[in-house]
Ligand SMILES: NC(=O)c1ccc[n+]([C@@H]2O[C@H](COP(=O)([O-])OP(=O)(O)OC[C@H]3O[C@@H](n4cnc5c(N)ncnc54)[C@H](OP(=O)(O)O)[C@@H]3O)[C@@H](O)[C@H]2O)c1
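First, one chain by itself in C-alpha cells, the form predicted alone.
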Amino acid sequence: MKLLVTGATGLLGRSLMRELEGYGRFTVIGTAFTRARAPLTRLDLTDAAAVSEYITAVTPDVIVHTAAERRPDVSQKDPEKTIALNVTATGTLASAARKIGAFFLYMSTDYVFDGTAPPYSPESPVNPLNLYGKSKLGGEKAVWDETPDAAVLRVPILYGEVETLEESPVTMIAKTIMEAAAARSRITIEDWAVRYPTHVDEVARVIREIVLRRAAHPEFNGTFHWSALEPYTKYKMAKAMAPFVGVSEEFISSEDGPPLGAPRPKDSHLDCSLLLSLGFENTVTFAESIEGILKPFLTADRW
C-alpha cells in the first residue's frame, strides 16, 4: 500500500512519516514546501495544476493531508493565504484523490467548535470562533464536496519532538518561562481556556490504525475525534513544565480571562468514544512525556 503524507516536515508530519515507515507494510512518500528536503518532494499545494499532475503521477492508495496554516493569530491576519492552503488546496487534493480512487484522510481541529458545550461528538453542531477554525471547517466541507471516500480526524493542541521550541504552542510556553526566569522577571500566563495537549506520536498511531481499518473494511469513513484526556490551561502546562526546565513556580502567575489575539474557545473537549469503542487507546500522558521533549533545549548557555 502506498501512502502519501502532505506537510511531511511539520510537527505531526514528521511523526507520521516515522510511524508509517517503521510499520514496515507501507510504501511512504511525502511532500513539503518551505522545509522540503530529499527524499521528500517539494510541492506547492496551492498550485492546483502541479498538485493534480503529481497525484496522477505517484498514484497513492491513501493521502493523509496534514499540511495547514495552523496558527490562529497568523490566520486572522492573512485570511487569503490561510483559505488558499486550508480550504482550496484541500479541495484540490480531495478531487485528485477521487480521480485515482485513493482514500483521503484530512486532519482538522477542535477549533471548529465554540467551546460552550463540551464534550463534542463528531455530530455536534459546529461554530468556529476564529478564521483558523472557519478555514479548517471549510476544508472539511471541501473534502465532502469532492469525495465520500474520506475520513476527517479532528484533534486538539499538539505537542511532540520539536525542532525549535516555537514549533508547538505547548513548547512555546516552556520557552517563555525559561526566558522570564533567566531575566529574573515574573510572568503571567493565561489560566482561562481548557486544552487537552495531545502527543503527535499518539495521533500518528491513530492515523495508522485508521488506514489499516480502512484497508480491512472499505466502507470505513466519516468524521472522527482523537484527544488526550487530561485537561490543562496554559498556566497549568507552565507549572507542569517548570520543574523540568529549572524554573521556580514563583516566577509564574495565572491570569483569568480570554487571551489576546484571535478568539479561542474556552473548552472544545473532543469526545473520542467512537474510536475508543473500536479499540483505539490513549497511552501517552503529558506529565510523563514533556520532560524528554524539552531536554534537548536545556543547555547551559541558555542560563
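The model shown is predicted, which means the values in this text are computed figures rather than measured ones. Counting begins at 1, following the sequence as shown.
The same protein also exists as the form predicted together with this ligand; that form is not shown, yet it is the one meant from here on.
Open item on the list: Please identify, from 44 to 52, 274 to 282, 22 to 30, 248 to 256, the stretch that has a heavy atom within 4.5 Å of this ligand in the predicted complex.
Closed with: Of the options given, it is 44 to 52.
- [ ] Would you please decide whether residue 136 lies within 4.5 angstroms of this ligand in the predicted complex, comparing each non-hydrogen atom pair?
- [x] Although this ligand is absent here, residue 136 would touch it in the predicted complex, with heavy atoms inside 4.5 Å.
Open item on the list: Using a 4.5 angstroms cut-off on non-hydrogen atoms, would residue 58 count as touching this ligand in the predicted complex?
Closed with: Contact check for residue 58: no, nothing within 4.5 Å of this ligand in the predicted complex.
Open item on the list: I'd like to know if residue 266 sits close to this ligand in the predicted complex, meaning any non-hydrogen atom pair within 4.5 angstroms.
Closed with: Residue 266: no contact with this ligand in the predicted complex.
Open item on the list: I'd like to know whether residue 3 contacts this ligand in the predicted complex, with contact meaning heavy atoms within 4.5 angstroms.
Closed with: Looking in the predicted complex, residue contacts with this ligand do not include residue 3, since no heavy atom lies within 4.5 Å.
TODO: Scan 156, 91, 128, 118 and let me know which has any heavy atom within 4.5 Å of this ligand in the predicted complex.
DONE: Of the candidates 156, 91, 128, 118, 156 is the one lying within 4.5 Å of this ligand in the predicted complex.
Task: 165, 188 and 242 each touching this ligand in the predicted complex (heavy atom, 4.5 Å) - done: Negative, none of the three is within 4.5 Å.
TODO: Enumerate the residues of 61 to 87 that have a non-hydrogen atom within 4.5 Å of this ligand in the predicted complex, in sequence order, or give none.
DONE: Sequence-ordered list: 66, 67, 68, 70, 85.
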